[in-house]
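Before any questions on how it binds or moves, here is one chain, the form predicted on its own, in structure tokens.
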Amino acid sequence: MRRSKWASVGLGSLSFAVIFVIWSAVTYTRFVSDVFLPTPSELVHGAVMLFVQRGFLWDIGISALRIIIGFVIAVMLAIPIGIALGLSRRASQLLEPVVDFIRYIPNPALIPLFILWFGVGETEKIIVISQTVFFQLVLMVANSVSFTPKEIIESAQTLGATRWHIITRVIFPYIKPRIYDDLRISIGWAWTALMAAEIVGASSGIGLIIVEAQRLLRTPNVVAGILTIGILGLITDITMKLLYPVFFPWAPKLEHHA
């Protein structure tokens, strides 16, 4: 098992190394102009300047806080609704078409409405992140509920368990590992929504840094901002993977979500 993990880490590192070599080759030789893609050294210099002169750490903290708040709101709403959809055919027939419809609408199409309804303050940014996660997570939780074996539910009913007890003491404990995996996947959508959330009316955040740099043709800063989002998302994903066996030591890793 340990060898398998090290092999996975090695292959992942190799893929990044290959990308780095190709990137270095096409930029240092000026095959690609630095206007379009900076060299690794230019990127490092630009990133250092962001931290030293622009206070980039503050922007990272603000963006991370928006992600956390938006994600928590989406989770608190999506889990109970998803469980209801998974348990009730009528609820599924009533709500699932609406959820399916909205989740296919791209964020940029909804942002003008959100600005009209909520202004350009923090509320609008958090709602953009929340709605991106919410509609996807609802269906994932509903799908996870469907994996509960009917035999377990029928046994609980035979023992006289009420519907509430079946939900809280049978179904939810059984699907908790699956829901955790759903959360790990859906927080990635929160990070992808960050740019859309911060593109209008932001006075801080990674998205603002990227937009400002793009306007001034500071490509190293643009790439540094993009890579920062990717790195933070990757750190989040790895952390949640490492915590999985801590929270659920009895549960095997779920292959269908891996």
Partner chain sequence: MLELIHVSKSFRSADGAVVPAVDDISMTISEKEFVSIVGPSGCGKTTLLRMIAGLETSAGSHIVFNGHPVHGPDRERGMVFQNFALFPWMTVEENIGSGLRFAGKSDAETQDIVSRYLKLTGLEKFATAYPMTLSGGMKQRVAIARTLASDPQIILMDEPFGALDTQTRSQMQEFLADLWVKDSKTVIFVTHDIEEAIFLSDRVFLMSPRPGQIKQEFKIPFGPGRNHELKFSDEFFALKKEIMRMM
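Residue numbers count along the first chain shown, from 1. Just so you know, these numbers come straight off a predicted model, no measurement behind them.
Beyond the structure shown, there is the form predicted together with the partner chain, which is absent from this document and is the topic of what follows.
**Report entry** Stretch in contact, per heavy atom within 4.5 angstroms of the partner chain in the predicted complex, of 85-93, 130-138, 71-79, 162-170
**Finding:** Correct option: 162-170.
Query raised in the report: Within a 4.5 Å heavy atom cut-off, is S155 in contact with the partner chain in the predicted complex?
Result: Result yes; S155 sits at the interface with the partner chain in the predicted complex.
Query raised in the report: Looking at the partner-bound form in the predicted complex, is D100 within 4.5 Å of the partner chain by any heavy atom?
Result: It does not: once the partner chain is placed as it appears in the predicted complex, D100 has no heavy atom within 4.5 Å of it.
Requested in this report: Using the partner position in the predicted complex, report whether F118 sits within 4.5 Å of the partner chain, counting heavy atoms only.
Outcome: Although the partner chain is absent here, F118 would stay clear of it in the predicted complex, with no heavy atoms inside 4.5 Å.
Query raised in the report: Does at least one non-hydrogen atom of Y180 fall within 4.5 angstroms of the partner chain in the predicted complex?
Result: No, no contact at 4.5 Å.
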